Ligand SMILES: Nc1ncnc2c1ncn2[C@@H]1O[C@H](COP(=O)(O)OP(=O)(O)OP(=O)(O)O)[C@@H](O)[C@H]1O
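For reference, the chain that follows is the form predicted alone, supplied as structure tokens.
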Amino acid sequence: MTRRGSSASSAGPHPATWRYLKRFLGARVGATSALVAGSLASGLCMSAVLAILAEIAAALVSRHPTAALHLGPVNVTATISMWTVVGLGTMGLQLLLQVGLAYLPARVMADLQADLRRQLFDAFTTASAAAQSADGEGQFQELATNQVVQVTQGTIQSTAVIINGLMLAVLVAAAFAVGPLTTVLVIVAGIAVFLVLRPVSRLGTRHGRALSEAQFRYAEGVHQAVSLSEEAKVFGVMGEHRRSLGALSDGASRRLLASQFTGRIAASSFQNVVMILVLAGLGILQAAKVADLTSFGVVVLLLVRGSTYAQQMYGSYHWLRQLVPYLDRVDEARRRYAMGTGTRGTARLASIPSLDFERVCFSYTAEVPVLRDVSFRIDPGQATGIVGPTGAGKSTLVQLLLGLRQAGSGRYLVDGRPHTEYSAESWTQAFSYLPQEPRLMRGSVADNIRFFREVDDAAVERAARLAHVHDDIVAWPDGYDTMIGQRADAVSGGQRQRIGLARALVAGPLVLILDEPTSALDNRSELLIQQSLSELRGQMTLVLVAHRLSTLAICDQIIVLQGGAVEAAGSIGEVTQASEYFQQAMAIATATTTTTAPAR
């Protein structure tokens, strides 16, 4: 069973090591080239300093005023004072190079993190509703936060592999120039150790994949825990609520423990084995009765220092492999969002359009059709009500009307043209929407009505007046500058709904679709919403999904959905005669009105 959001490529073979580096560093050729050049230069400086230290130490022990540096065919003799000056200068240059080698990875990491988050959000927001809904609760938040952070950590590990690998290569080359036999033996043994420890790296990759999945499950659990916290407290199940989330947290912790332990034991084991090899190499030199103690000291310093870089390189390589599943998951999400992006034409809507559904069918899964052969027409400026029992397909119909989903078959025509022929910009200007529960963002009332669109204060106030929320807003101490949010106590449910209606109206749409606009409102708020809709009638095309039949009083036609099909369509009188469901709904509404009417 494949879990949503999991990497499609996680079960396949992993690419070679150089592909890891390429995937994490991407097209950052300039930064990578600078890292290579800086690492080589830093390695050369470090090799020179170590060789100079060994030569100076040997000269001091033998009380000789000069020291000779031997690196293969290169032989240079100078005074101890001169070598000291050269060593200090070389070390100063090495320090400058280290500053650059510290800055470049940090710069690459910061840029990559910003780029990935921007690309993910761009891809998510332009994807279809179907592609977006494929994510579980909280999955996108997990992708854009923790998963991206882990990918950028992979960038740091990639640069560490490059830097430490090149530093090691230069030190080994210098050691080879001084003592070829011992160096070759240590290199061969080091490669053997690397091959022996490869299964540990593979195990680390599996732990990394499991940790990524566990973090996704925990993110879903946190999202669910927050959304259900109020009900959990009311029903007295906070203990079970905490235990459920705690189990997910414990699962992620176990995966983290396994991942961290594998990485650390692999790195430390490699370092210890390399040190054993260095000691063995020294033993070989001693057994061979090498007379040149100076060369002996140079080899010791170079190989000991090289063992540190080898350990760091292997540790970075191991962590890099553990972070590959995070990159797989982020890449898979970007591909999935991109594949779910619908195509649009270039046509524009300049006037209130007609809307036609011609034998439209839609299903989320092939086995369960949601809409079946739905056909109707909405004339320009007409107010149309859509009613039906729960599960009739009303919400899906709204998403099709808004262009958020595409019909499986049939046609959706806007002014006689397929709706996909209109440009995205023209479409979003023409169509607007008031959901059943509009969400407020943290910001001023004016910002909530604008909702990131370039509209002036006059348009904001005009929309608020149309939504009959202006008087409420100006009664607040800061008026339109009052800070509100989704959990703002100062905003009632009715005010939230009317602010949402103002948001839907502020850009002057041609078509306004409302999903249960009065289902959870008090009588005053319901009357104000109905008043707004009556005033808007004829100025734009209105489509109302409603259970409360009082909301349908302004409608020119009613469409009754039953089981995903149109049971009846026409005026209130016509659908009352044609639809048994509507007859029952009318009877219930009449009985409710009679029993709740105040006595006179």
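Worth saying up front: this structure is predicted, and the values here are computed from it rather than measured. Each residue number is its position in the shown sequence, starting from 1.
Omitted from view is the form predicted together with the named molecule, to which the following refers.
Contact check for Val370: a non-hydrogen atom falls within 4.5 Å of the named molecule in the predicted complex.
Within 4.5 Å of some heavy atom of the named molecule in the predicted complex lies at least one heavy atom of Thr390. Not displayed here, the named molecule is kept clear of Thr428 by more than 4.5 Å at the level of heavy atoms in the predicted complex. A residue is said to contact a partner when one of its heavy atoms sits within 4.5 Å of a partner heavy atom; Glu516 meets this definition for the named molecule in the predicted complex. Exactly one listed residue, out of His419, His207, Arg496, Lys394, brings a non-hydrogen atom to within 4.5 Å of the named molecule in the predicted complex: Lys394. Checked against the named molecule in the predicted complex, the residues Arg450, Arg405, His468, Arg255 give one hit for a heavy atom within 4.5 Å, which is Arg405. Only one segment in the set 394 to 402, 377 to 385, 216 to 224, 153 to 161 has residues whose heavy atoms sit within 4.5 Å of the named molecule in the predicted complex; it is 394 to 402.
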